[in-house]
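Next up: just one chain, as structure tokens, the form predicted alone.
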């Protein structure tokens, strides 16, 4: 791989476009308006064409003005159709942006000799050739696209910094924002204008496809990894920048591995953004597929261990004059879990020192008995509470208490006991185990 200054500028331009798009896309995602980014990035096309026809110039200021007008118009018309026309929001959005985008393509086709704008350039961009159009900045020759995108990025950052509180409130709770004096529509139209300007700045360089990808995919990736707005913004920027940087590297190296020439940089940037999203979708600790699977398995094992402890404790209560030992199969059947899950639960409890093995059978240790007593106490306190406050039949409280005992910590148990006046027996007449220090459950 041969790397020169052109490759460096390609990465810089891609990173600037990715960061700007990801910042604004985060707010669109939180507002459940990610498709609005797609709509605006397409709907501003007639604004570009009309601005070119009016000014006969490709001046950036006229482009931005035309795009901003069409961007705000898209948001306004969409809301009018949704509110007054009783059209579902996504449907109204689809009607508006497809109509405007088609109008833009017609204008370009009819007046191509005046507009000087290629439709395929709008869709796919030409980030490689953009490095050839350079301007002088303090004596340095810099690609014009990098300058424009850098200015747009500064505008986006400044707007978010100034309106951070307003954007946060209107994104999470527009009704509350209206109550405290923030007009959510003003914030929304400002956001739409910023999206329009950013989309236009990136149009000719990376094309609308990458703009849409960067507006939606990095924020969606960050959303899987955090519940905090500021962290989400930072992660969105990081993923947008990484997708742009590594996307160009992949575009000039990966196809060669398979005997092909290099491919479109903008397309590979979008592919890398999608790969990052898939990795987050699989591995995110809380919302990822694997993370949720691990959590569910861990929760099932914990509940199985606690059910086994509770069963052995109740068995000792019922047959206190005998040596109590139980095999895995009979324990699983009594608790209502599979024999294999019962064996896994027993092994975990044995390693934690809460049960002891006798040949092929099991019984509680002192540590396990204390933990089991706490679980059974929570169960019987819940039965008492449900029977007292909900007037449930006694044969209906057991199943609910079986679920609630697994989410009852020490402080909740104390409050629950106080609520039912510290009973000595449960509604079934069984003795209430004494409150003891709880041992940590094995993980």
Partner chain sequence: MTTDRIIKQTWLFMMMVVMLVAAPLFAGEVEIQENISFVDQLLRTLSLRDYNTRLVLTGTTLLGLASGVMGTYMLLRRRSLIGDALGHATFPGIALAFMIMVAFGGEGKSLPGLLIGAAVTGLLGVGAVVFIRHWTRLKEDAALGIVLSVWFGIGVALMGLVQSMPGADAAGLESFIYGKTASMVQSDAILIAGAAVTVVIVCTLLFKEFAILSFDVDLARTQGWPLVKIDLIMMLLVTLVVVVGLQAVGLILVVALLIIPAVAARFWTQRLYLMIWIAALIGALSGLVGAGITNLFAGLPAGAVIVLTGSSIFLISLIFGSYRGLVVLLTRRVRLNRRVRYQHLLRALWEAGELKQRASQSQDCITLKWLLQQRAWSQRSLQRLLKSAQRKDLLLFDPNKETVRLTKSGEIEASRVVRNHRLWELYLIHYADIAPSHVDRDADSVEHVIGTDLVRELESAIADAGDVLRPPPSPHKLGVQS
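Given the structure is predicted, the values throughout are model-derived calculations rather than measurements. Note that the rigid core is defined as the largest set of C-alphas that superpose within 1.5 Å between two forms. Residue numbers count along the first chain shown, from 1.
The form predicted in complex with its partner chain is left out here; the points below concern that form.
Proximity to its partner chain in the predicted complex, defined as a heavy atom within 4.5 Å, holds among 145, 349, 217, 191 only for 217.
A heavy atom within 4.5 Å of its partner chain in the predicted complex is found for exactly one of 245, 255, 353, 174: 255.
Picking from 148 to 156, 132 to 140, 194 to 202, 271 to 279 the stretch near its partner chain in the predicted complex, with a 4.5 Å limit on heavy atoms, gives 271 to 279.
Contact with its partner chain in the predicted complex, defined as a heavy atom within 4.5 Å, is made by all three of 34, 90 and 109. Although the partner is absent here, residue 263 sits close enough that one of its heavy atoms falls within 4.5 Å of its partner chain in the predicted complex. Not displayed here, its partner chain is kept clear of residue 181 by more than 4.5 Å at the level of heavy atoms in the predicted complex. Using a 4.5 Å cutoff between non-hydrogen atoms, residue 187 does not count as a contact of its partner chain in the predicted complex. Though the partner is left out of this view, residue 289 does reach within 4.5 Å of its partner chain in the predicted complex, counting heavy atoms only. Residues 209, 210, 212, 213, 216, 217, 220, 223, 224, 226, 227 are the ones in 209 to 246 with at least one heavy atom within 4.5 Å of its partner chain in the predicted complex, listed in sequence order. A displacement of less than 2 angstroms separates the C-alpha positions of residue 228 between this form and the one not shown, with the rigid core held in common. Comparing the forms between this form and the one not shown on their rigid core, the Cα displacement of residue 296 reaches 2 Å or more.
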